[in-house]
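In the block that follows, a single chain appears as structure tokens, in the form predicted on its own.
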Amino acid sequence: MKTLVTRGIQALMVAVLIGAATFAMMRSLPGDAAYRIAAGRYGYDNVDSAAADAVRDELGLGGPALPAFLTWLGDLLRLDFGTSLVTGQPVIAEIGHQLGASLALAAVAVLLSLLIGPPLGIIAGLRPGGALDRVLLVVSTGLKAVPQFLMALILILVLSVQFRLLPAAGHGEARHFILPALALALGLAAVNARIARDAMARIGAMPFYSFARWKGLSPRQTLLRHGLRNVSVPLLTYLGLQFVTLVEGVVVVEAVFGWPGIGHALVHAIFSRDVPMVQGTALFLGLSFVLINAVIDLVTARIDPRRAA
């Protein structure tokens, strides 16, 4: 109960801070917001000063900032995210339309990272200082250092342009997931591998782990009964922190691959000066981070052997 109350307070603070930050940043952008919004509605080739003036009069742009922000905050308390300035549709409907594609991509990326990173990390942690451990350190450090947009471009150049194995963009088929999911997963897998390796090396050096071997358990039985559960706790804890990296990556990777998700929509909303859409999307991502961390806190409390004892 204490965890839920704490996360609820955090969610309220996140909502106010994200709303204020996005509102201030959008207001501070240079250029004519009315022209950008009109271009988002009608296309840049069909926009002139008359169209921009019509949008400015329709939306009341250029008024005082504080009343506009307070109006948005009041609407938020009524769970009204506002209306997109470009499409005229409710922001919550626009987010719902894009959300499925982003969730599917994020789920595939997390699954790939868990299939790649932790198994290699556990194997390396069973023999710390060995050849695999040293190679894993070099590879994981290199992968973590590569920005996700650069990883996406490298994958496109190698697997799409050079070898023509996978499509560089698209949506709707299973093969379209591979490149964007890999671009997200490789960096996550690098960190997961190091966390699993360090946890396994630490647990393998503990007396209770050696005692399990002295009782006659095989290495496999010892790992399954006493190793994996202890390794999973730091992995799950860090999974919540990885959500920040995943959100950043989704925004960039969706833009690179033309993936029709919430990150792609956020980029277009920023270019079009669609303030309610930017605020709603950023708020949704921030609250998702709070929710996922609350769930992870509850799960780790259940599986942590130290708390179970």
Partner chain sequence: MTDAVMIPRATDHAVRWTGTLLVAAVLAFALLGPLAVPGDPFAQSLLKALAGPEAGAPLGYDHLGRSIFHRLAHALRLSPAIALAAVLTAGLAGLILGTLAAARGGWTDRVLVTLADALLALPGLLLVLIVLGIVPGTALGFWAGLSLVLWVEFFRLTRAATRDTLASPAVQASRLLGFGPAYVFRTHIWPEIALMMLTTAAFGTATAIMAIAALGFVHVGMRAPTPELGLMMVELLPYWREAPLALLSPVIATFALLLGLTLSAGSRTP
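Rigid core (definition): largest C-alpha set, two forms, superposition within 1.5 Å. Here the structure is a predicted model, which means the values were calculated and not measured. Residue numbers count along the first chain shown, from 1.
This protein has a second form, the form predicted together with the partner chain, left out of what is shown; the following refers to that one.
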| item | value |
| --- | --- |
| Residue 157: touches the partner chain in the predicted bound form, heavy atom cutoff 4.5 angstroms | yes |
| Exercise: residue 295 in contact with the partner chain in the predicted bound form, heavy atom 4.5 Å | no |
| The partner chain contact in the predicted bound form: residue 141, any heavy atom under 4.5 Å | yes |
| In the predicted bound form, residue 236 touching the partner chain (heavy atom, 4.5 Å) | no |
| 2, 93 and 132 each touching the partner chain in the predicted bound form (heavy atom, 4.5 Å) | no |
| Region of this chain that lies against the partner chain in the predicted bound form, out of 179-187, 149-157, 74-82, 99-107 [heavy atom, 4.5 Å] | 149-157 |
| Sequence-ordered residues of 256-274 touching the partner chain in the predicted bound form, heavy atom within 4.5 Å | 256, 266, 267, 270, 271, 273 |
| Residue 72: Cα shift of 2 Å or greater between this form and the one not shown (core-aligned) | yes |
